[in-house]
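Before any questions on binding or motion, here is one chain by itself as structure tokens, the form predicted on its own.
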């Protein structure tokens, strides 16, 4: 097996051996100087000092100049399959209009549903590919993408088929999630329960037979579905063997407890979570996922990330990139800003977008640089890793490697 040595890096932060849960001090970070990664068949063979690994290499790919190497970033929560734009909503919201006023003016999530339904599968595919390339240039080597703007069996299938085709066309790994339980569609004449029954009865088998998704998400909120309404839906999902994740505690609490009760891999949002919810999450195996993009887009409080960590929880950070509440879609910028407001160490921010984010997707072969993991890593043009969050996302990666291959940045 041919081995390629990539380096040297002035600093390499493997982020391996760190705990999944709880607070992290920067002193806990291992920093390897004059480092390199030995790659074989797309996997990491060894990580260490460049001069120590040279003798094992068949070929060497030299990295010139200042370079700090980190694991490839993982965005564990996005909605980048959609049609249309919500720029008008954003302007109205910043002008002081309420959610109801925006909805009455033709905005809100239903506007995106309408535009997504009007889009062809090919148009959705093109949009997903374009946005995925932007994420790749920002260092995202694994990207979760949800459906949820179709809100019918046929339209959710259209979205998820577009996402599947995109996963075959882009460089990074795509993790699809079915969010048909985003809200009860306005054109559904029956109850929320009957809508969820139709989705679970008709859509779930097709997700399995076509290999479209292995994850089911639901929005538990006053404007979407109650914990009681979602219970049979999650039971059905578990009977099919789907992983679960929950849009939880964004405006009111109850979603996080449902996530715990059904063994969800993650509970995402949590802006409304109090100490009781945080303690219960920390005692569970459910990962807490902060979505600072939504807080920035809506102008509301951030997820209580500091409390989640101090009370023993596992905190991942994702962009929530979507056309309504989180249009920025820049994970590193958002994570850096969250770190400023919530007083997170560099170790906590970087862990939140690497190995802790991998856990939020139930992935066990990435997120840290160690033997056997996929060779996904990003390189920044600096001699000090602290510069990365200091510049709040404006210091961009100079090189992105996927499965050991230099794949980006590139024009898009």
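Residue numbers count along the first chain shown, from 1. Here the structure is a predicted model, which means the values were calculated and not measured.
Separately, the form predicted together with a small molecule exists; it is not shown, and the next lines address it.
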(request) Tell me, please, which stretch of 235-243, 300-308, 127-135, 314-322 lies within 4.5 angstroms of the small molecule in the predicted bound form when heavy atoms are compared? (result) 314-322
(message) Does any part of residue 215 reach within 4.5 Å of the small molecule in the predicted bound form? Heavy atoms only, please.
(response) no
(message) in the predicted bound form, is there a heavy atom of the small molecule that lies within 4.5 Å of any heavy atom of residue 73, even though the partner is absent here?
(response) no
(message) I'd like to know whether residue 219 contacts the small molecule in the predicted bound form, with contact meaning heavy atoms within 4.5 angstroms.
(response) yes
(request) State yes or no: in the predicted bound form, is some non-hydrogen atom of residue 109 no more than 4.5 angstroms from a non-hydrogen atom of the small molecule? (result) yes
(request) Just give me the single entry in 141, 250, 334, 256 that has a non-hydrogen atom within 4.5 angstroms of the small molecule in the predicted bound form. (result) 250
(request) Look at the candidate spot formed by 79, 86 and 149 and say whether the small molecule comes within 4.5 Å of a heavy atom in all three of them in the predicted bound form. (result) yes
